[in-house]
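Listed next as structure tokens is one chain, alone, in the form predicted alone.
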């Protein structure tokens, strides 16, 4: 699985591993949506520390997570952002919408 999730106290932690490209984005989106529907968290932390490559599909994953958390009245935080992914996300302006650490 490209994504591993755990929950505690209405907080969902999701670690993404490998390449976050168009081949894997659909799988990641489906699992993330499933977990969000199941847990209805107040906080979502996406850990990108295991991501080796990200393209524009990664932007779509993060934007979807951001919009879902807004709909739940919650907050999104993205941690352990690799350098390559950080450049992609900041170039797209996602640093103005969500915390990138």
Partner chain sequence: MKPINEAMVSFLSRSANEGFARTAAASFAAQLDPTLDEVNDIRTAVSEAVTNCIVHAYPDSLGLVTLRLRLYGDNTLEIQVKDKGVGIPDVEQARQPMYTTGGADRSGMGFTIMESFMDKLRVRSTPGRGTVVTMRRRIARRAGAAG
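Residue numbers count along the first chain shown, from 1. These numbers come from a predicted model, not from an experiment.
Omitted here: the form predicted in complex with its partner chain. The next part is about that form.
Comment: its partner chain is not present in this chain, but in the model of the complex one of 80, 87, 10, 77 has a heavy atom within 4.5 Å of it, namely 87. Contact with its partner chain in the model of the complex, defined as a heavy atom within 4.5 Å, is made by none of 6, 34 and 66. Taking the partner from elsewhere, residue 57 is found to have a heavy atom lying within 4.5 Å of its partner chain in the model of the complex. Contact between residue 19 and its partner chain in the model of the complex is found at the 4.5 Å heavy atom cutoff. When its partner chain is considered in the model of the complex, residue 52 lines it closely, a heavy atom lying within 4.5 Å.
Taking non-hydrogen atoms only, residue 26 approaches its partner chain to within 4.5 angstroms in the model of the complex.
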